[in-house]
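Just one chain follows, in the form predicted alone, and it is written as structure tokens.
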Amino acid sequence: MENLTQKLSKPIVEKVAIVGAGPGGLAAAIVLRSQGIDVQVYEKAQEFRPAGTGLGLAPNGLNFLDAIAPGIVETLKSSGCEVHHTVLKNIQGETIQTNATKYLEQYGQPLLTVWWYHLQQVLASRLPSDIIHLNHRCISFDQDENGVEIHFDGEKPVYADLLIGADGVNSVIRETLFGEGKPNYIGSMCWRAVIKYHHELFNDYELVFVKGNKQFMYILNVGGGYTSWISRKLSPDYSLSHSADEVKSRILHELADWDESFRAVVEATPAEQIWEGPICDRPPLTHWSQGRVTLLGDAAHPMAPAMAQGVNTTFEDAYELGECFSQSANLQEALTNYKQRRLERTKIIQARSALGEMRYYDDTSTSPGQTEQRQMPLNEDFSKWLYNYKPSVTS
């Protein structure tokens, strides 16, 4: 009966605009549309094109994805890759440690590696294509007690009852609300790409972690014959290369002493497909909303990728935001509840992730799974707290 009454009662807002069509924006759109809300998504990219990195979908993220869009996790299992075995190597290619992952046994969900772009496509396929508006770069918004007017570069303004900023670490929405300026560089430079490539090690392992001196590399099988490689280096200040060719020669120079099998995957990557950039986060906010505007995912809590929790916490956000909408009497109450459900948890994960990023460069840590937890008390308790997180079941 409860569900029927929910369906019959009018949603607390009629029209929602989401800026950003990454996994977070799309997941939020799926959740809110299921409540009968008119949702429109605005994305600055001119087209959906193969982009992004290899992601680890952890048990907590999968629990929430399952609740957001039933069946989607099964789809991702067939297009992505379930990680059963990981290996730690040194730069000469010698094996230091191999691990069988225990996620499924311990937390009831596997660790899935997927390509960001494939994840985006799978989520987008759950939405009518006419609600996703590409080539819409948000430049500002104005709001009053009745609504929000959102402005785009070269496009007509749009009106909504609520604006959700799901526009990432360099969020225009967050900047307009809080004016913090540039994100905080945490001392780690990154190069990465996803290419069609079968690494020889994938016959035995789905995830390869190579530890060098103040530098490391992940090689992930992300399914469908695609390989994601990610290399990061401790670097007190960052500088960006001037051209794609310079990016490629720079990363190959960084890997000059590395075993040929690790260099080969970089050599096989077209220069213009290599992303180079700084690893950044921002200090936790004390609130994510102002009036009729709120934030979600990296726009709300950008974090270092050390624990691979960026996208996983984003799915938690999207689901919890939807719950707050269906259980609150009005918008302000919903946004207050959203903050209370999310702020503390994401703050802890942000702090652990920043610490984990620097722990990667310690000489003592031995494997990617232990890197962020090695010298930390409560590592098992922390893992349980992190991965066992599930949507609360409302009767």
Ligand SMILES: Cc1cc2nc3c(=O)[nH]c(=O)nc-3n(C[C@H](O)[C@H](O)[C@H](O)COP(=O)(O)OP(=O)(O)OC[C@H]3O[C@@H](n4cnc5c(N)ncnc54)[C@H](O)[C@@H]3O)c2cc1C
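This structure is a prediction, so every number in the text was calculated from the model and none was measured. The first residue of the sequence shown is number 1, and the count goes up from there.
Quick note: we don't show the form predicted together with the ligand, though the next part is all about it.
Remark: I219 does not count among the residues lining the ligand in the model of the complex, judged by a heavy atom distance of 4.5 Å or less. Although the partner is absent here, W116 sits close enough that one of its heavy atoms falls within 4.5 Å of the ligand in the model of the complex. In the model of the complex, the ligand sits beyond 4.5 Å of every heavy atom of V194. K214 falls outside the set of residues with a heavy atom inside 4.5 Å of the ligand in the model of the complex.
Of the candidates L55, A354, A334, I68, L55 is the one whose heavy atoms come within 4.5 Å of the ligand in the model of the complex; the others do not. Residue-level contacts in the model of the complex: of V148, L177, C138, L76, one residue has a heavy atom within 4.5 Å of the ligand, and it is C138. Proximity to the ligand in the model of the complex, taken as heavy atoms within 4.5 Å, picks out 164-172 from the listed stretches 164-172, 177-185, 255-263, 234-242. Contact residues in stretch 11-40 (any heavy atom within 4.5 Å of the ligand, taken in the model of the complex) are V19, G20, A21, G22, P23, G24, G25.
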